[in-house]
Every structure is written in structure tokens, then in C-alpha cells.
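Here's a solo chain for you in C-alpha cells, the form predicted alone.
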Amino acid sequence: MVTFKLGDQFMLGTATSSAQIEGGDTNNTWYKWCLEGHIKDSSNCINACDHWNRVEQDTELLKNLNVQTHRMSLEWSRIEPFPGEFSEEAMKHYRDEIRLLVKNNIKPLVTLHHFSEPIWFQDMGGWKKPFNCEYFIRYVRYVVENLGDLVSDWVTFNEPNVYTSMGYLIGIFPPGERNIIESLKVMAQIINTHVRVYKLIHEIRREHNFNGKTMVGCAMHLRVFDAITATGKMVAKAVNYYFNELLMVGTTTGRFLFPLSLMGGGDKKGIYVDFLGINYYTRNIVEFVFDPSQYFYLFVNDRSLGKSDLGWDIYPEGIYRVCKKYYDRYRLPIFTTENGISDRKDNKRPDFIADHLYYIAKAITEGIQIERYYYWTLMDNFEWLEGETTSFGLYECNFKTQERTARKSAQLYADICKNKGLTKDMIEKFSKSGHFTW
């Protein structure tokens, strides 16, 4: 446990996504994926946290955490249940939810695409059909015209590198394809669409004279890829290029690196983000392996590091490394849009949060413009392929009773949010209260 101080203007918050907490929606691709039996514990996102019916209750949880901002996503399939048919009821629900955040001085950061899509969009070919981006752009226009007076900060796509890798290369996310050419085509489509959406959001908010500075970005899942051997270093460089660089460069600058440059669309050189959205969880040590099923590489755990419940290495310095790398390159403000740990017993989360924020504070003192931190996540949720088996939440969620119970780390985070830092007195206070056992 380490002390740190964040600036008075720094904002701390939490992050969630609609498909993972709302429940009740049968029109999205992940509901279909669950029915097809792809989830490890056979659970279904139709349940999740029933947040759709518990918005006021969950807003109280946010207030108890003293957060200044909250990242949430919208469910496209609720807003546009059929092509070209928009639900006023769904839009009213989201307006009421966001208005409640604003009323409680919690600034919303709204994500437009967080993995899930309407089933009808997938049935039309999804991102593989070039024209289909027009459906997403139409949805974005409707959303921003209806929410732009309440929301100034937007994320276009969440982790498009994960989305394309898992859905189109490895085939374990919807739509379940295993084709590297298709994955690259989808990457190119998403870059083109992001650039257009970036311009569109700015245009709509300017035309309507909505209050607040418009901030638009893309939340990239960035990992540190290290290696031990010389061969491993070459492989790690290749993995980093595919997973981190292609979409980071593309969404930020509009540039199509090779081989995306072969996929069409052409460069739109410029800057198409107002902030760098960085989701950081872990580091991977990469080594070469001659096994087609492993895509020529293997991730090796560092035995010297602690592990999350998912077996991920706990490597707080990584958040400093990725923030420094991309800030030095682009000189744009950074929002750490996700950072969290699956830790059911809550023995590692307190240190995890403090240590990552320590490295963020270190980066800030070195002149790196990190402005926000969003802990993933508010409460245990439906964690994609892992279903209900993971525990990323500051609050435990009993999926049968929907009871939310604060973990000990929730109180720590609440105090960090309130004080914009962690002091020795705060650590001593929690130690004496029996919260921690260091």
C-alpha cells in the first residue's frame, strides 16, 4: 500500500457497460451468444444485475463512492430494436438515468458501442458489409441529438482491438468467426466509422449549441507485451503491433498502417480524438511457440507477481508505461477509462487500486496529462465469456437476489475519491478499523 496525491482537478469514477449490468434485453448479439451455449458457467446476460430496473438504487452506490464521473454505455438494440425504428421509451429511460447522474454532480462519459449490437445488424452482415456503418452512424445521430444537452463526453468504440480479435480472429465472441482477413477488414471499417462519428458528434453539439466542451475518444484495451528471449521479443513486437498499434494509430490519427492500408478506405490524416482512452489491466510475457492453435505465440505468467482470480499478472507499473508511451507520442489528455481486478475475497483489490493510482500520480508529476481514472467496475456483473464467475466489483452482486453488498475496498475507494489521494493517516485509519491486514 503506497501513498499518493492527485490534483484537485483530477476526476475519479467507475465504469460499467449496458449488456453487462442491465439485464432484460433479448435483442442483442450477446443474448443470442449466451443461448448458443458459449458462456463458461451457462449464465445469461438476460439476468446480469437488473440495473435497468434499479437505476436509482445503483446511483446511490455511486454517490456513496464519492465519484465525480461515471462511464456507462448505451444498448443500441434497445434504442433501435428494428432497423430505422427508434424507441422513445428507451431514450427516455437513458435520459432519466443520465439526468440523475448530472443532478448528483456525477459527470457522465457515455460509450456508444461496447461489444454488443442488435441481432438484426449482425444478420445484415455487421461490420463486414461496408454500407452497414451507415446504420451505426444513424443510431449515433439519433442518440447525440437526444442526449447531447446532457452529455458532452463520448466514447465511440470500447476496445475495438478486443472486439475484432475475439469476434473475427479467434472466434470466441460474436459473431464467432476465425478469419484474419475479415478481422482486418472489420478493423478498417471501425476506423473509418470512428472518424466519421468523431466529426458527427462535434457537428451536432455545435449546431445545437449544447453546453460544455465536446470530448470524444475511443477506449483502447492496451497491454504491455514483454519477452525474455530474443525470439520472444520479436514475437512480442508483432503481437503489440496487431493488438495495440493498428487500432490505436487508426482511431487516433486516421492512418491505416500495413496491412490495413490494403483494406481500402484510405488515410484520413489528422487527429480524431480529444482524449486518449486507455483500458489497462495487465502485462503479458510473450514467447514463441510452434503450435498453429496458439497463433505462433504463448503468454507466460511472471511467477514473481501476484495474480487476479483470472490468473492475470498484477503489474501496476504497466499503467505508467502505456500512458507515458502514448502521451509522449500524441500529447493528448488521457482518461484511464478502465482499470480493475477480479478478486472475490477482496484481499488484493485495495493494493491494486492504490498501486495503480500511485503510478498515475507519478506520471502526472512528470508532466503526463492524465485527467481521469475509472475503476472497473461498480459491481460484479456479467463478464462476457466468464459469465457470473468473476468479481471485478467494488460491490458484490448476488445474481439471484440482486442484493448489492459493499466490499471493504469500496470504502477505501470512496475515501480516495473524496480526498483525491491516499495518505498515511488514511491507511492507518483503515488498518485500525480492521478493513485490512497488511
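Every value quoted in this text rests on a predicted model; they were computed, and no experiment measured them. Each residue number is its position in the shown sequence, starting from 1.
A second form of this protein, the form predicted in complex with ligand NOJ, is not displayed here; the remarks below concern that form.
Item checked: Sole residue of Tyr413, Trp33, Trp376, Tyr373 within 4.5 Å of ligand NOJ in the model of the complex, by heavy atom -> For this set of options, the contacting one is Trp376.
Next item on the list: Could you work out which of Trp312, Tyr242, Phe210, Phe121 is the residue within 4.5 angstroms of ligand NOJ in the model of the complex, going by heavy atoms?
Entry: The residue from Trp312, Tyr242, Phe210, Phe121 that makes the contact is Trp312.
Item checked: Candidate stretches 25-33, 379-387, 54-62, 398-406 - the one whose heavy atoms come within 4.5 Å of ligand NOJ in the model of the complex -> One stretch meets the cut-off, namely 379-387.
Next item on the list: Although ligand NOJ is absent from this view, report whether Arg283 comes within 4.5 Å of it in the model of the complex, heavy atoms only.
Entry: Outside the cut-off, so no.
Check: Is Asp343 close to ligand NOJ in the model of the complex, meaning a heavy atom pair under 4.5 Å apart or at it?
Finding: Contact check for Asp343: no, nothing within 4.5 Å of ligand NOJ in the model of the complex.
Margin query: Contact with ligand NOJ in the model of the complex for Glu338, defined as at least one heavy atom pair within 4.5 Å: yes or no?
Written below: Yes.
Checklist line | Interface membership of Glu159, ligand NOJ in the model of the complex, 4.5 Å heavy atom rule | finding: Glu159 belongs to the contact set for ligand NOJ.
Check: Counting only heavy atoms, which residues in 99-114 are within 4.5 Å of ligand NOJ in the model of the complex?
Finding: If the 4.5 Å heavy-atom criterion is applied to ligand NOJ in the model of the complex, 99-114 yields only His114.
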